[in-house]
Structures are given as C-alpha cells and as structure tokens.
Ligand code: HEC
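Taking the form predicted on its own, here's one chain by itself in structure tokens.
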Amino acid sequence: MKNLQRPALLLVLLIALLLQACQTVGNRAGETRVDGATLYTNHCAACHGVRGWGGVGVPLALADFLKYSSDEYLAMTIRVGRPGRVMPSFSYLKESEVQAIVRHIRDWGPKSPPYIDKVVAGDPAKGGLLFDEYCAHCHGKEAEGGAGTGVSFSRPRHMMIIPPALNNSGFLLSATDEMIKHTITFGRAGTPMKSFRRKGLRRDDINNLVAYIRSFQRQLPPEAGVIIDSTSPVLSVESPYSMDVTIERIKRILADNGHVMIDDWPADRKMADRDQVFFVIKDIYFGNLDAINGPLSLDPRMGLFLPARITLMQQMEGKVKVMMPNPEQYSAIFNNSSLNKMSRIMYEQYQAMLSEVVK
C-alpha cells in the first residue's frame, strides 16, 4: 500500500506545482496586458511612434529630451495633456498605468534627472522683450506654439519637430522653471531648439525669459489654446422635396460653390431602427483641392472626415432629411485648436448650403 501511496502523493504534488506554474503564467500574462509597453502602444504610439521617434507627436526617444525631462514631467504631461495642441489628456488612466508608461519611455534613454521645483527669479517685462526677439519666430507671437502637427506623412511643414506651445496650461503645469531654464540655456540636441547661451544671452537674460514664460499662468491662454464648444455633432434639415429632386438640388449647389462630386452611393441601402421603421440612405462625397488639402495640412487626421459627406435619409413615408457632420466638432475631436478657424468657415459654408437645399 505504501508503494501505491508514494506515486499518488507525487502525482498530487506534480499537479499542485503545475497549477501554481499556470497561475504564475496567468499573472504574468495579466501583467503583460497592462504593462507600460502595451499601454504606450494603445495610447501613445499612433502619434509618437512605436519606438518614440515621433510622427504627429514630438519624438520622445531623443536622448537630450529624456536626459532633462523628469519622470514627474512625463507623468504630468500624460495626465493633463496640452489643451488645444493635439496632445489630449489621459486623466482617465490609473496612477499605476501612468507610471508604467513613464517607465517604458524611460527605457529608451537616460534615467530621470532630479525634480527641482524651484522658482527662477527674473523680470518678466524684460523677458518679454527678449522673447519677441529670440523666441516668437518659432514659438509664436503669443507663445501659442508652432503651426502644424510635426512629421505628418507627406504634408508640408515648417520644421521637422514643431516648437511646443509655452503659453499652455498643460505645459506650465508639467515643466518646472529649472527645466525651462536648462532648455533655453543649452538647447535640445536633435531639435531646432539651439543653445541661447551660445547666442550671447547671459544668465540674467535667461532668468528673465523664464519669468516671462511662467507669467503666462496669470494670463488667459491665447485663442490657440481654446477649443470650439459645439452643441451638436450633426447639421440637418428636412427637405420639402422628393429624394430625386433633393439630390439634383444638392448637385447644383455643390457646383455653384466650387465643389465636385467625388463619390455618389446609390440610394438603395436600407436600414431599420428599433421600431422597424425603414429608411433609405444615400451618401454624396464632395470637395475640391483647397477644401481637402487645407484641413489635411493642419491635421492629417482630418482624412477621417474628408472628402466631405452629405447623407440623405428618406423614411418610407417620403420625408427626406439632409445631414452633414458639424465641422465645429473637429477641433474638439482632435484636441487641435489650429482647426478652429477652418472649422468655423466650413460650418458657415455647410449651413449656407443646407439652407439653399430647402429653399
């Protein structure tokens, strides 16, 4: 009997060990699903590149960037983003997830510098004069940041790396005076930002510049930091005409406004709502070179909405609804206030065309 008990005991121990091993692998697999690399891939890589070499967003893997950007700076940037400057806030991430992303980014280069939250004393009035002379050309007259979205496919751009917005609540919450001072003093290798010490600025000059930049926290942000607050994602009117007549009116209005029809889906698609009321759906895609190229140059993600689209929906009882996406939503969707002016213009054009349809 003892000889039979020993193999049984060994079998039980083997099963226990296998279960423990499976649990360990399962835990590791669970950790892998929420580790920094996975979180970075899911939330950051689309803009900053899989290996952090940039794209629509700035490159994070630059040694000079990591050498002088503390973990605290990276974490705060993830939490608050850059309002109106493409970089959204990831405030919904847990603290452990933010720290995991920071650790993943830190794996690409130098360890974190010490976090020094010390006020740099200077004269902001004198700093403003220096800013106009040395900084406004790249960072904008109101420090609203450079135009565009960085390396954005084949779109034209002024610089490979877009100068950041300094008059931005997200930047000012994340960057310390010491970090700003160091960047001005020594520049940022691998970017258009050069050392201003080598350009002849003295320590007091740089301190004055830092004081001027920090003074933005006491001012309202420029329009570049404000997103349009739109109430409705869709513009719509009810046509008093039949589907065929409405389509012909739309074609004429598009031609009168310098647009061409790019695609015309036949009105044979049907769908039903929860009450089984059937609709006939038709889409008309339109645009011109300026209407397509202009928005794409501001933000390549506008390709999701271009060419522009008019959707006609006819209920079986005969009523025709004409709908278009509300362009005033675009700046909020992409957190890019550079789209504000264009969005307002498109909004006014779309409203005018819809009004023309139902005359």
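The structure displayed is predicted, hence computed values, not measured ones. So that there is no doubt, residue numbering starts at 1 and follows the sequence shown.
What follows is about the form predicted together with the named molecule, which we do not show.
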query: Contact of M179 with the named molecule in the model of the complex (heavy atom, 4.5 Å); finding: yes
query: Non-hydrogen atom contact P192 with the named molecule in the model of the complex at 4.5 angstroms; finding: yes
query: T183 within 4.5 Å of the named molecule in the model of the complex, heavy atoms; finding: yes
query: In the model of the complex, R85 touching the named molecule (heavy atom, 4.5 Å); finding: yes
query: Heavy atom of each of F65, L74 and I101 within 4.5 Å of the named molecule in the model of the complex; finding: yes
query: Interface segment, criterion being heavy atoms within 4.5 Å of the named molecule in the model of the complex, picked from 87 to 95, 114 to 122, 284 to 292, 239 to 247; finding: 87 to 95
query: Heavy atom within 4.5 Å of the named molecule in the model of the complex - residue from C138, L254, L235, L129; finding: C138
query: Residues within stretch 47 to 70 having a non-hydrogen atom within 4.5 Å of the named molecule in the model of the complex; finding: C47, H48, V56, G57, V58, P59, L60, F65
